[in-house]
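Read the single chain below, which is given as structure tokens and is the form predicted alone.
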Amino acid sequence: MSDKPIDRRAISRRDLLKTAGAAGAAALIPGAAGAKEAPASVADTAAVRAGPAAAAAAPAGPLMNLTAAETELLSAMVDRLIPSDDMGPGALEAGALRYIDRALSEAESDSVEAYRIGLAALDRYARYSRGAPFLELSDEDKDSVLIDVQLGGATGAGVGFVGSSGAFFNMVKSHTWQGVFGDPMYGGNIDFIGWDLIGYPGARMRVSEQDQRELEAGQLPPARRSAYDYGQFQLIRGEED
């Protein structure tokens, strides 16, 4: 086994997302159980460039359930989970913060305190372990702090995570993933940024054999429609409301 240290920057988070996401998205297409992952070039070509969506993605002020300082910390964390790069927009442009804001006001309202405690602990750990507030760290140091948090190693000097720091990381990561890759109806995935990123061709009620062949070849044009644009899903949502 080599003693050479691992260069964490050599591992592209976006590449990992594409690999996992395209496979999961294909499974949502009727009859796509045997579908192959779309080639990376297709996802690259389909990726949307940040435009008006970026301005709409981030709340103008603090989130409804968090202070301005807490919102800024969360924004910085979310930005490092899925950053914008040469492949296209990241989590912030996709509206992940807007999704989280809505979730904390509705279905995830019981997680508000966990966010507040976790964000404060994240900043304390950055100061304790790296000598500066999280917001003042370089991107590389932010990533290394988040790796410690993810692995449950963010401890010491009364940092203050409730339970394992990994539980906080996984909560924010899960909500970020939902905001980027979920149906746009829920406030995230603005302009279908998340679906374009992983090459997901969108919800379809019917899939022909030709559609399936194009999907497997990475040539199926994206539908770019919310599932709730279809009548039967509108009825279901109406019953839920």
Partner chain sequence: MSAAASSRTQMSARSALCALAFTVCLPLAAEAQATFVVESPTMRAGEMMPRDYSPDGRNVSPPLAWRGLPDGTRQIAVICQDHGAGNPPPWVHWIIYNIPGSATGLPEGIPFDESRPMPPGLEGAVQGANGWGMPMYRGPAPPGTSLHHYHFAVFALDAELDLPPGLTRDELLEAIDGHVIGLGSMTPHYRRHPENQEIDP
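Keep in mind that this is a model prediction, so the values were computed, not measured. Residue numbers count along the first chain shown, from 1.
The same protein has a further form, the form predicted together with its partner chain, not shown here; the description that follows concerns it.
Interface membership of Ser144, its partner chain in the model of the complex, 4.5 Å heavy atom rule: Residue-level check for Ser144: yes, a contact with its partner chain.
Proximity of Phe168 to its partner chain in the model of the complex, heavy atoms at 4.5 Å: Because no heavy atom of Phe168 falls inside 4.5 Å of its partner chain in the model of the complex, the answer is no.
Contact of Gly163 with its partner chain in the model of the complex (heavy atom, 4.5 Å): No, Gly163 sits far enough from its partner chain in the model of the complex that none of its heavy atoms falls within 4.5 Å.
Gln150: touches its partner chain in the model of the complex, heavy atom cutoff 4.5 angstroms: Yes, Gln150 is a contact residue.
Residues in 104-139 with any heavy atom within 4.5 Å of its partner chain in the model of the complex: Contacts from 104-139: Arg124, Tyr125, Tyr128, Ser129, Arg130.
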